[in-house]
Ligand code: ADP
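Only one chain is shown below, in structure tokens, and it's the form predicted on its own.
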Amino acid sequence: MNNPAALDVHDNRNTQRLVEVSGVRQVYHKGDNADLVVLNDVSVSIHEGEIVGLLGRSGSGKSTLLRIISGLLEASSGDVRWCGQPVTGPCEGLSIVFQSFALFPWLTVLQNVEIGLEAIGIPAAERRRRSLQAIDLIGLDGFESAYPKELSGGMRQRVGFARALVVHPKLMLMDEPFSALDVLTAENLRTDLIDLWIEGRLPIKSILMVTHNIEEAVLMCDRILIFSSNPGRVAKEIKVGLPHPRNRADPRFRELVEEIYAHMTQKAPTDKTEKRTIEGFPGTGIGMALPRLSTNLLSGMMEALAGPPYSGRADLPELATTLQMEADELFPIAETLQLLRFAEVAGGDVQLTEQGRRFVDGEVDARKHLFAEHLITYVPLAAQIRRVLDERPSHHAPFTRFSDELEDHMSEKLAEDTMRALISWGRYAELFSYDEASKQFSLENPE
């Protein structure tokens, strides 16, 4: 059997173009508030015989683009074509594997796999034959009569793969299919999938996968499209010229990982028609969205950087491996330290500033005082909360005084996360107090 994977995936001149996305923009309207631009001017093509990865941070619009390509979501503007035809709804010849297993708990493994074939009118005998074949292919032979509750997470996801493959799609879309699994199970499933692809045993032409795991992208993909955020757009395309199976310890593998980390920590050029972003955060001034991180994480990261073997400067891929963190977890911590001027992030490295070293060397009270200074100086919302509390005779202000204003700049969820981040950071710095029962900010000892 000839597998399209055997083709030269880096020369698509003689392969069919399955997907063509041109100038896609996705905007969500928020009533009287500013529109939320999720994707802007995104152009992507997928050919037969390749595995393509959409790599970026959470919230960069990768999953939104996947749903637009599948026809489950209509783009606000731009052109989307499937096998040369405009996409006007769910596409035939395309299947999706989601992060959540999405199995019907009252159906057996066999019935869960058969259900897609039943929906398109395949006769019962043919449904059973193809479903058993897919179950065997994906490594679940013997579990046909088991129910989802009897299976491990990895086995449930294998059912999801079998259900996607049984319809023999031209293109299989994968939306972070390994992220809900433990490390060993995810690695085993990735390896099995790539082995089947190399051997030509998968009844598909191509794979398009969403991930925020850099090593996963290099391990599996032929091309990687790196997405920037706020709004999401393709910032860089990287071709992976390594043969399968790939070895994580191969110096060429490590070089690619390093290159991607460097690209993802670069400050993107600003589009003058849109709001500037500061230090990787969306928005400006008090409208800057903040990640919900604890001060324990921030101080712990500074202490890890200050100690051996880093002595203040660390390679992000190495740090991610040591701390057992994915890039999507590591980047927000490093960038928050950069926002607060306790660290600098560039070229795939993170380095403590002199102020960061002062923080690490300080006693508890000195740390709190330094953190408060930087919070007031570099986070406009923190400064505004403190100013309002100082100016009011009661030295009190409700949560909604600030959250309502934030919602003029961002989604309700981002506003909530930003407020909760500021509450945590402000409490630690003893910049203000907050009472959850009354939802009131206050000053304990106003001057």
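Note that this is a predicted model, so its numbers are computed, not measured. Numbers for residues come from their place in the sequence shown, where the first is 1.
Only in words, not in the display: the form predicted together with this ligand, which the text now covers.
Residue contact check for Arg57: one or more of its heavy atoms lie within 4.5 Å of this ligand in the predicted complex.
Using a 4.5 angstroms threshold between heavy atoms, Val38 counts as touching this ligand in the predicted complex. Although the partner is absent here, Thr64 is a contact residue: one of its heavy atoms lies within 4.5 angstroms of this ligand in the predicted complex.
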